[in-house]
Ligand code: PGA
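A single chain, nothing else alongside it, follows as structure tokens in the form predicted on its own.
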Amino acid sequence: MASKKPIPLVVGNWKMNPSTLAEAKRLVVQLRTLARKFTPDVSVVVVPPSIYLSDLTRLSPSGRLQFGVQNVWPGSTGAQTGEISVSMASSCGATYVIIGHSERRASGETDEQIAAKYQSVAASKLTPILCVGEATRDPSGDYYAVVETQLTRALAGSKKAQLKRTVIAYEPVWAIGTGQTSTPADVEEMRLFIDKCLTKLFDRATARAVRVLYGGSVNQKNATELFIHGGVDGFLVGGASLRSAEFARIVASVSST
């Protein structure tokens, strides 16, 4: 029997935006209004700066908009100035956690640190969004080895049940904030490669249960084609998620109705 296709997921990563809580509230209210038109076959997650989280989650009591955080520290408490733990994120209304975003990797976050964060989130009730992706595309295809290494190191020692709750976000670094985007064929090829890697690490049924997103200059113009022909289960959206109407159209692009 063929496995059921996962419910599409669209995640808006606000990064260090907007500049005030008032602006963040206005954006969530706009999205909340637009969310009334979202069909139930799509999950929508907003990931604001964590300092805004408690205030924003109260603006969506229905849960139609879910919320996440952009990073966590793997420990529960301790002398880690400026960090937040999994339990802190959960207590403020987060249900998703982005791990290993390319910007954090570029600032020095190692595979070992990412693995520790992944294990901490996977052991909780929160859903990890594990980011992987190459910095450049070389003619010899070495970028596949980069992605496989990132997956293997982060997921080492994980249980099948944890992986099934995991979301993988493929974000080629060269396509983030540059206006360049992978072609649907490129995205589909990498999606199949990720499935192959997960099957090798676990098994085919477990791999097929994992949602794989694409992130990298996704916008209302390219979302439909990337979703239909790229074989992904949704998107990790950056800049376009700060424009409520455009983000809503991206959400609509992954709806089956």
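Residue numbers run from 1 along the displayed sequence. Values in this document were obtained by computation on a predicted structure and should not be read as measured data.
Another form, the form predicted in complex with the named molecule, is not on view; read the next lines as being about it.
Put simply, G230 is far from the named molecule in the predicted bound form: not one heavy atom of it is within 4.5 Å. In the predicted bound form, the named molecule sits within 4.5 Å of a heavy atom belonging to G177. Looking at G68, you'd find every heavy atom of it more than 4.5 angstroms from the named molecule in the predicted bound form. Contact check for N222: every heavy atom lies farther than 4.5 Å from the named molecule in the predicted bound form. No member of the trio P6, E188 and R211 reaches the named molecule in the predicted bound form with any non-hydrogen atom inside 4.5 Å.
In short, of 70 to 78, 146 to 154, 167 to 175, 83 to 91 it is 167 to 175 that has heavy atoms within 4.5 Å of the named molecule in the predicted bound form. Contacts of stretch 196 to 224 with the named molecule in the predicted bound form, defined by any heavy atom lying within 4.5 Å, are made by G216, S217, V218, listed in sequence order.
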